[in-house]
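Heads up, the chain below is alone and in the form predicted alone; it's given as structure tokens.
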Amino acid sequence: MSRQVTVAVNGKSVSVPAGSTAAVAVAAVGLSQFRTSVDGEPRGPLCGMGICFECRVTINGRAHRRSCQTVCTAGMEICTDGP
């Protein structure tokens, strides 16, 4: 059985397989909009390898973290600026 890690996404608890990225956790709670562009356009993961910076979220109070490059740890708090 695979180990699970529990994190919070916008205050909602979610368990993901150990080794999953923050982007997986955000998607697991049903969100596709991770942030809003300066023009008000919804943004989410595009490249999945840290080049495009479209998947930025706030993790444990630190803004502009690339969710596709950040591995979840137990108790991590992830905040999007989407709905």
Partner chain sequence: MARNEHYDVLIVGGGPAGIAAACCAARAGRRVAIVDDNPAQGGQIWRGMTEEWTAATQSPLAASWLRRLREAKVEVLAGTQIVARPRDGVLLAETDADACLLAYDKLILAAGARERFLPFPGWTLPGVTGAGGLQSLVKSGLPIAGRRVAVAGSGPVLLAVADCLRDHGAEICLIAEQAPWPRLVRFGCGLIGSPGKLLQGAGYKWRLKTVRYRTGCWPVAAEGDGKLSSVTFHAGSKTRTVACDYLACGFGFVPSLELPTLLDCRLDGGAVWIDDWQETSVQGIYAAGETTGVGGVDLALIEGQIAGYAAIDCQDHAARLFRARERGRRFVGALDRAFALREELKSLATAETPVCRCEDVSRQQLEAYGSWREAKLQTRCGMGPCQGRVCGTAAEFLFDWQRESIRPPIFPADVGTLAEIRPLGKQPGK
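Computed from a predicted structure; not experimentally measured. Numbering follows the first chain given and starts at 1.
Missing here is the form predicted in complex with the partner chain; even so, the following discussion is about that form.
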### Query
Hey, in the predicted bound form, does Gln69 get a heavy atom within 4.5 angstroms of the partner chain?
yes
### Query
With the cut-off set at 4.5 Å between non-hydrogen atoms, does Thr21 touch the partner chain in the predicted bound form?
yes
#### Entry: Interface residues of 34 to 54 toward the partner chain, as seen in the predicted bound form [heavy atoms, 4.5 Å]
Arg35, Ser37, Val38, Asp39, Glu41, Pro42, Arg43, Gly44, Pro45, Leu46, Cys47, Gly48, Met49, Gly50, Ile51, Cys52, Phe53, Glu54
